[in-house]
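This document starts with one chain, in the form predicted on its own, laid out as structure tokens.
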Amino acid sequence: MSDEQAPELAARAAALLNDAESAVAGATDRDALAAVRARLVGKRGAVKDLQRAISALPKEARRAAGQSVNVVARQVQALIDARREALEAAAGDGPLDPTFDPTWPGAVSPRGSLHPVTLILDEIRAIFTRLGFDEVSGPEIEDAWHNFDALNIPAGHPARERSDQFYVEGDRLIRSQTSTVQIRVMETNEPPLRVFAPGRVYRPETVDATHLYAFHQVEGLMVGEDVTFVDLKGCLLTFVQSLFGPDVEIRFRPSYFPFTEVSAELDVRRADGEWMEVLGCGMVHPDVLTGVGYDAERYTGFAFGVGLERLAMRRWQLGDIRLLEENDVRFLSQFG
């Protein structure tokens, strides 16, 4: 742009201001005003065009031209602001509305709530943290080594049948237990250790009042010198009483798991008097310790896996586990 074009820029600015006055005055509602604003002062509006043109002026003319354009830009914005306030006042919903009282509380949107499984998990985290356990996690897609072999479940075992697992490709599957995490932890850490691992697990179960095919577990593991079954019972007793109160009725029943020896299941009595199994537990099998490189003559340990949905059923006296998966707002809104 030459020196002769500087006056041309000033003329364009004056014309823009005249156009803005008529266009803003002609905007009869907020939508029309928004369109005028975009055309005049938007990112691709007339004011931006003027500002870009300044860079083409000779260096000595840019400062004065910039000041002139900025004055016009402020005047145009002032016209738009004044028109907006007038439209809001006319509509009765703007800051000039005499019925508006800023001291009144605002409208409160409905507040959501935490899922009962999340609530029970938060309590479990707090309990095991107090007991000195560290939280760990692992992948949901596992290989056969971590889901089976390292847990003393050899090839040909019925638990590895494709009808009993969710295989995704080859020997890879969606984990059927959080016990896989204890293997990963022991592979990379030396004893002593105390960890708990919450996570989702998957089994092709027939869905009924007490079973789901996708549910949540918390795996617990403690390994060290002279760890005994008495330590396991003491830990789980503290856990269950912390969760349900000191008067909760529990019982240990002998059981079998390939990765523990001795093995047991822990039941709690429901409000209807029936017993409900909530976790399996036992002393870590020596073969499992040896498989991850531990000295099974020196170290012992215990492990347990607890189902969170089962605990939620006992905690809130639910008669059907499927309530926890149906996303019924009438049910979920009861939990704060």
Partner chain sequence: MRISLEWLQRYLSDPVTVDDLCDRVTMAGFPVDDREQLPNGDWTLDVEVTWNRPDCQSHLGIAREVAGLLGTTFVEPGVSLPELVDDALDVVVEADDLCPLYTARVVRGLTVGPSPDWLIRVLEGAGQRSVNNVVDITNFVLLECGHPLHAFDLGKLRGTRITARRGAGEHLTAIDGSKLEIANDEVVIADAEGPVALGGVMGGLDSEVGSDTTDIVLECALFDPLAIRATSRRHQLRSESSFRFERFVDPARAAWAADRAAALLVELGGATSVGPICAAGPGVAVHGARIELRTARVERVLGIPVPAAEICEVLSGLGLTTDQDSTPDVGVWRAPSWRPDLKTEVDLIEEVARRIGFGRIPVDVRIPVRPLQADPSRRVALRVRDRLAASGLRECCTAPFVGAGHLDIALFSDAPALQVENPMRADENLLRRSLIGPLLRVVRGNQDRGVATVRFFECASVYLRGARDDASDGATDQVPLASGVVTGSYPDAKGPVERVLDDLGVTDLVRIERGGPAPLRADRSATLWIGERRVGTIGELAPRTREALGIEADTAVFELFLNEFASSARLERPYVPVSRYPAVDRDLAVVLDESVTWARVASTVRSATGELLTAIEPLNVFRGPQIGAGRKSLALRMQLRASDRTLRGDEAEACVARVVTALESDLGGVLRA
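Numbering follows the first chain given and starts at 1. Note that the structure is predicted; figures quoted are calculated from it, not measured.
There is another form of the same protein, the form predicted in complex with the partner chain; it is not shown, and what comes next is about it.
262 is the sole member of 248, 262, 127, 86 with a non-hydrogen atom lying within 4.5 angstroms of the partner chain in the model of the complex. You can rule out all but one of 53-61, 31-39, 277-285, 66-74: in the model of the complex, only 277-285 has residues with a heavy atom within 4.5 Å of the partner chain.
Heavy atoms of every residue among 122, 156 and 237 are located within 4.5 Å of the partner chain in the model of the complex. Residue 168 belongs to the set of residues with a heavy atom inside 4.5 Å of the partner chain in the model of the complex. The shortest heavy atom separation between residue 141 and the partner chain in the model of the complex is within 4.5 Å. At a distance threshold of 4.5 angstroms between non-hydrogen atoms, residue 44 is out of contact with the partner chain in the model of the complex. In the model of the complex, the partner chain sits beyond 4.5 Å of every heavy atom of residue 317. Contacts of stretch 17-41 with the partner chain in the model of the complex, defined by any heavy atom lying within 4.5 Å, are made by none of its residues.
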